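We give structure tokens for two forms of one protein chain below, kept apart as structure 1 and structure 2.
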Structure 1
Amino acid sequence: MSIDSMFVHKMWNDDELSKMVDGGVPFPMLSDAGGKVGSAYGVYDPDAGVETRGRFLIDPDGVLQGYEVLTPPVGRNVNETLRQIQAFQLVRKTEGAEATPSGWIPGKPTLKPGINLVGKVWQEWKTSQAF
């Protein structure tokens, strides 16, 4: 989503992005002329008249699980976004019985929060696993 019109989105997709991605951009490119939606999400910069680089993870209930906002010159890390989605999906699937410690990626051990884990995380998780 950006403040550009859907017409400009079409030209950008057709003239440039489709040369990077076979078949063009696979998801809808949204237009937020005036920044109303960006303002509601806290990412519209009225001085510059553009959206900042915000990324929101919204779960199937419409609940915000996480976000990241960057200034324009630095791009996102898509792998980190995918990792976070996998982590939130695991937590949702286990209904909170499992939590993902720092550095978790699919396949790595999770934590099972509960009274028996109090003061015992050091036995279950090492700082080296954060990296």
Structure 2
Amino acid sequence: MSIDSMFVHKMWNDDELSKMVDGGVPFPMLSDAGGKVGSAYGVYDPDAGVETRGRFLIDPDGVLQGYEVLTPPVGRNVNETLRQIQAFQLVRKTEGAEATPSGWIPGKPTLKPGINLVGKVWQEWKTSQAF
């Protein structure tokens, strides 16, 4: 979603994204003309009429679980976004019985939150990094 029109999104997809991602992006791009959504998330600058790049991870219940806001010169990492989504999905699926350590990827060990983990996170993290 951006403040750009659907026509700018189409041009960007056809002329740029389709050359980076086979067939272009597999989801609709939305226009936030006027910056209402960007204002709600604190990324719209009404004086300049632009939005700062932001990524917001919202769970199925509508709860904001994570976000990242970057200035335009710094690119985002789609793989990190996908990793975080997978981590949030795992935590949700296990109802908090499992947590993901820093840099966790699917298939790697998880943490089991509880009193037995207190003071031992570093050991679990070190073990998970060895795989």
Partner chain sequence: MAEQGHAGCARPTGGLVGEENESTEQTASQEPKETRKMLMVGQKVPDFTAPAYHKNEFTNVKLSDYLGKWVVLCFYPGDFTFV
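Residue numbering: sequential along structure 1, first residue numbered 1. Given the structure is predicted, the values throughout are model-derived calculations rather than measurements. Take the two forms, find the largest set of C-alpha atoms that superpose within 1.5 Å, and that set is the rigid core.
- Looking at both structures, it is structure 1 that matches the form predicted together with its partner chain.
- In the core-superposed comparison between structures 1 and 2, Pro109 has its Cα shifted by less than 2 Å.
- With the core fitted, the CA of Lys19 sits 4.5 Å away from its counterpart between structures 1 and 2.
- In the core-superposed comparison between structures 1 and 2, the CA atom of Lys10 travels 2.9 Å.
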